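Next comes just one chain, in structure tokens: the form predicted on its own.
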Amino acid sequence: MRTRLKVFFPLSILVVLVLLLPILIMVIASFQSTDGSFSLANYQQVITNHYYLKAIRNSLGISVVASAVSLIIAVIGAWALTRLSQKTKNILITLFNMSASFAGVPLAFSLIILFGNAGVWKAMTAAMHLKDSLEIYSLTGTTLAFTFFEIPLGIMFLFPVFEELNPEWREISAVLGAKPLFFFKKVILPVILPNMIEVFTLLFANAMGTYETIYALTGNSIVTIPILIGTLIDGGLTANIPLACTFATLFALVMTFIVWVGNRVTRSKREAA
């Protein structure tokens, strides 16, 4: 009992100070005006202000599209990775680990060098007299930028799942007369689908919270929830901490809902399997 108390008491204090207390302060501050009095004006602004609604739509749109595209490519990449030799696997896993961490300002500058107005891609298409419709500073370009670190992250999460699939399952299924589609639907899909949902949730959360990449790439030209929170906190004369706390609270609620839905779906799939 004493040993457990020695372990869990410091951990509980850390959780309260680092997690619960900041969340509580954030939620309370979201119901305050700039003078400290109780007010629902912050939530009213979020609902009625078109600029704030645009930030929410951009964040959700970029996160959903980037996560979905990255998940599809990550599934193919993780499966392909299991077909390679062990030496090649180790090399690629190391590269994917590095790529998953290559986000923020370095990634933005790299994409500007590649796809910017004076970048390599523009020069190549101009030299070959090809039409260039890629605009890296647009909403589409930002979504593309997110996939650069979401795809290797998804591969790293899904690779152990595909690695655990036993090749003998297919042989046994074939001996029993099962067709490939039946084998995939009844054997493979129940194993990988819950993990795919969990990975999508993680990729979505990662995209929703990304600040440095989009800020370094577009500045304030494309507004998202993290960009808006940063502006409201570090806005000088226009700073509005309670409103920033309101967006942070809504952000936390969205992420809590996504995680809850993901857990419910994966739990039902595992119980059905």
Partner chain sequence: MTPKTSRRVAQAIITFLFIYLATPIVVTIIYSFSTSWVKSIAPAGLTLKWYGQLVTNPEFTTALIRSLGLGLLTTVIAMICFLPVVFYANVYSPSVKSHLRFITVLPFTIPGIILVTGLIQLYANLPIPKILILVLAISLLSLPMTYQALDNAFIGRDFRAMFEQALVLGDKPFTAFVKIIIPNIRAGILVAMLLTFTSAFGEYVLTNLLLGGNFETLKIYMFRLMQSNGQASSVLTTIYFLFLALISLILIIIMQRYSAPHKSPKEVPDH
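Numbering follows the first chain given and starts at 1. If you're wondering where the values come from, they're calculated on a predicted model, not measured in any experiment.
The following text describes the form predicted together with its partner chain, which does not appear among the structures shown.
Q: Taking 4.5 angstroms as the cut-off for heavy atoms, does G230 touch its partner chain in the model of the complex?
A: Contact with its partner chain, yes.
Q: Taking its partner chain as it sits in the model of the complex, is Y52 in contact with it (heavy atom to heavy atom, 4.5 Å or less)?
A: Flag for Y52 set to no.
Q: So, V161 and its partner chain: in the model of the complex, are they within 4.5 Å at any heavy atom pair?
A: No - in the model of the complex, heavy atoms of V161 and its partner chain never come within 4.5 Å of each other.
Q: Please determine whether N195 contacts its partner chain in the model of the complex, using a 4.5 Å cut-off between heavy atoms.
A: No, no contact at 4.5 Å.
Q: Is its partner chain in the model of the complex close enough to V64, T140 and I188 that every residue in that trio has a heavy atom within 4.5 angstroms of it?
A: No, the whole trio is out of contact, none within 4.5 Å by any heavy atom.
Q: Counting non-hydrogen atoms within 4.5 angstroms of its partner chain in the model of the complex, say which of V175, L181, M98, L130 makes the cut.
A: Going through each option in turn, the one that passes is M98.
Q: In the model of the complex, which residues of 75 to 95 put a heavy atom within 4.5 Å of its partner chain?
A: Contacts from 75 to 95: I76, G77, W79, A80, L81, R83, L84, S85, K87, N90, I91, L92, T94, L95.
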